[in-house]
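Take a look at this single chain in C-alpha cells; it is the form predicted alone.
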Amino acid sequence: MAHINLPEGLPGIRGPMAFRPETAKPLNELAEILLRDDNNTLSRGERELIGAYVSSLNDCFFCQNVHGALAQHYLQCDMQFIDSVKQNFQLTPVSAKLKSLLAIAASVQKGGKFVTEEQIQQARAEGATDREIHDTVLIAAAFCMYNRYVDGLGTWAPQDRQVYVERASRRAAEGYIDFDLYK
C-alpha cells in the first residue's frame, strides 16, 4: 500500500505521476530526451539498459523491470541477457564502451563524487564521446531520482516480470510524453 493516497490500479511511477500531473510532465520530458531522442549515438536500447542497471543497483523492482523490458525490446535480446548485465556487466557480451559507461553509471548511483578520472579516461579510450559520458551520468542520476520517487512513496508493482515484457513494445511506440497514465 502506498504511503499516500494515490490513484488506484496504477503501478510504479504511474500512480505518483497521476497524483501530480504538473510534476509528471517535466519528468516525462526528461525521460523522453534521455532515453528516446534519436539525436544520440547511444542506442535507445543502450540507454534503457543503463537505466535498468542503475534501477537494479537501487533495488527498484518496477523501474528495473520496465526499463529492462524496454532494453530487451530495443536490443532484441531476452531477459536472461538483461539479468546478466544487471548481475555482472563485465562478464556479459556488451561492447567495451558500454561496459565503461555502465561502470560510470554504477559510480553515479553511489554518489557523483565516486566517478573517477580513470573511469572517464577508460570510457574515452573505448570510444565514448563527451556527450555519451554526459548522458550516462544524467541517466544514472535521473534514475536514482525516479527510483527514489517510486519506492519512497511505497508504490506497488506487478511481480510477474512478463507483464513488463508484454507492455514494452507499446511503451516503445508511445514514448514518455503524453502517454495515458491510466493505461
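Please read these numbers as outputs of a predicted model, since none were measured by experiment. Numbers for residues come from their place in the sequence shown, where the first is 1.
There is another form of this protein, the form predicted in complex with another copy of the chain, and it is not shown here; the text below is about that form.
**Message:** By the heavy atom within 4.5 Å rule, which residue out of 85, 98, 108, 71 makes contact with another copy of the chain in the predicted bound form?
**Reply:** By the 4.5 Å criterion, the partner-contacting residue is 108.
**Request:** Answer for residue 43 alone: is it within 4.5 Å of another copy of the chain in the predicted bound form, judged on heavy atom distances?
**Result:** No, residue 43 is distant from the partner.
**Prompt:** Can any non-hydrogen atom of residue 126 be found within 4.5 angstroms of another copy of the chain in the predicted bound form?
**Reply:** Answer no; every heavy atom of residue 126 is more than 4.5 Å from another copy of the chain in the predicted bound form.
**Asked** Any chance residue 170 has a heavy atom within 4.5 Å of another copy of the chain in the predicted bound form?
**Response** Flag for residue 170 set to no.
**Asked** Taking the shortest heavy atom distance, is residue 22 within 4.5 Å of another copy of the chain in the predicted bound form?
**Response** Looking in the predicted bound form, residue contacts with another copy of the chain include residue 22, since a heavy atom lies within 4.5 Å.
**Request:** Within 4.5 Å of another copy of the chain in the predicted bound form, which residues of 137-153 have a heavy atom? Give them in sequence order, or say none.
**Result:** Sequence-ordered list: 137, 138, 141, 142, 144, 145, 148, 149, 151, 152, 153.
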